[in-house]
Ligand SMILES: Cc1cc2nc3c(=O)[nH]c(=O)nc-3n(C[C@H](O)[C@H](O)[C@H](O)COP(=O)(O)O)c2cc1C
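A single chain comes next, written as structure tokens; it is the form predicted alone.
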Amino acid sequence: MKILVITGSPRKNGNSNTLADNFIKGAKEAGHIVERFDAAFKNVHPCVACNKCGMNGECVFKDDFEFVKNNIINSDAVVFTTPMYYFGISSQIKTVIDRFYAINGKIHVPKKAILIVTYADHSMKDAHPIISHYETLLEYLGWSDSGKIIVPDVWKEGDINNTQYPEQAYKLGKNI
């Protein structure tokens, strides 16, 4: 299986990136081909709704989204790994998702998807806006959910390390 992991944390050793690392380790050990796109460290211009792509053509911007385009079209699964910022996905991932517009017709095919979210708040209900966005995106694209790891109460870098979540991410990667 070809898997594209899209991360949105600007902290290289942040909690969501730790989970991405563990997912990737499990997926590779299972024999999958995994590509990783760390959106926070890439140059992805926001979509400006010029519609020059016509939802299925060339985007006017030539930037690091080309990597996503070249890997998502033929992927079997896409993993979104993000910290929660003000009850939503990170802007870095949102910018990447908005650029899906230019490849809309090419990614409206069955794929698996996974959502991994970390956040400092304590309440599980605080993740509902992200989960709702993810589920709506999957419904629109015709993708199926293959798992979610929603992790509250991790704020400082490294808080995730003394929890069961890295192992859950590893197992999810191994069993996708």
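All residue numbers are counted from 1 along the displayed sequence. Here the structure is a predicted model, which means the values were calculated and not measured.
The protein also exists as the form predicted together with the ligand; that form is not presented, and the subsequent description refers to it.
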Give a yes or no on whether each residue among Val5, Phe80 and Lys111 has a heavy atom within 4.5 Å of the ligand in the model of the complex.
no
Just one of 27-35, 48-56, 115-123, 131-139 has residues with a heavy atom within 4.5 Å of the ligand in the model of the complex, so point it out.
115-123
Exactly one of Ile72, Val96, Met84, Ile103 has a non-hydrogen atom within 4.5 Å of the ligand in the model of the complex; which residue is it?
Met84
Taking the shortest heavy atom distance, is Asn17 within 4.5 Å of the ligand in the model of the complex?
yes
Sequence-ordered list of residues in 139-176 near the ligand in the model of the complex, where near means a heavy atom within 4.5 Å
Val154, Trp155
